[in-house]
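Just one chain follows, in the form predicted alone, and it is written as structure tokens.
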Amino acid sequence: MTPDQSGLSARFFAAEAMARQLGVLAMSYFTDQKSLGISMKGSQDWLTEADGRVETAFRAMIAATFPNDTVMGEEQGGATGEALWIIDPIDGTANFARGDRSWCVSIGFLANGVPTLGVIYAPALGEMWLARVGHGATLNGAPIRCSSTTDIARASIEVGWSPRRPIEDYLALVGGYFRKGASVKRSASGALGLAHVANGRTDAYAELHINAWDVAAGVVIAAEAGAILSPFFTGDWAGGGNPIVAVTPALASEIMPGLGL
């Protein structure tokens, strides 16, 4: 059953509390590198003991608090539902495994297929992004907005990389933005990439292919901060992923065509 407004409020506040608890668990691994149990799911597709433990803990929290809701996660999968939580337990696992602080716990909630709540917690950085549709977005409790950049020659763009698309496509996208005069970077966390658009650290985030757990929280946060978003939750988004763009409004016409949007 799709939650009403009071149900959404309850989930919003619960999600923040859960994210903080999960952040403590993740940090217990991050500060003890010998505990990570690092393995590889594929080329540059990192996995640590913390990924599975954090997702398992989240599933237990949801089962105890909202037993009729469903959960989809990067490590343990899951089906869609009317009240759906989507978690990336550690987004930026390669950073996490190398001792880089740029990683986060990402929790999104979809009500009847619509991204409605977003929580991104980067405990190693001490930063918590929160958003609920119609209620704006915050960073550590302060309201945030995307940048007011209007000139792409002054823009900072993050371009995520996915092994699911040819490297030539990625290089062409990056090169196209460079040729327009933008500065381009990559930090290896799609969730944080979207969050950074929301508070103006970058002017756009673009990726040719990304999975739902990487964006379920970030699309709500970026949209509530005033960014323009490509329609990710269409087609076979749950099984096949989609491209994503989040961009400050004045640059949308410059950024989106590079992904065919």
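Sequential numbering from 1, following the sequence displayed. In this text, all values refer to a predicted model and were calculated from it rather than measured experimentally.
Beyond the structure shown, there is the form predicted together with D-MYO-inositol-1-phosphate, which is absent from this document and is the topic of what follows.
The closest non-hydrogen atom of residue 219 lies beyond 4.5 Å of D-MYO-inositol-1-phosphate in the model of the complex. Residue contact check for residue 87: none of its heavy atoms lie within 4.5 Å of D-MYO-inositol-1-phosphate in the model of the complex. Taking non-hydrogen atoms only, residue 147 never approaches D-MYO-inositol-1-phosphate to within 4.5 angstroms in the model of the complex.
Proximity of residue 207 to D-MYO-inositol-1-phosphate in the model of the complex: non-hydrogen atoms within 4.5 Å are present. Annotated contact segment (heavy atom within 4.5 Å of D-MYO-inositol-1-phosphate in the model of the complex): 156-164, selected among 156-164, 113-121, 176-184, 136-144.
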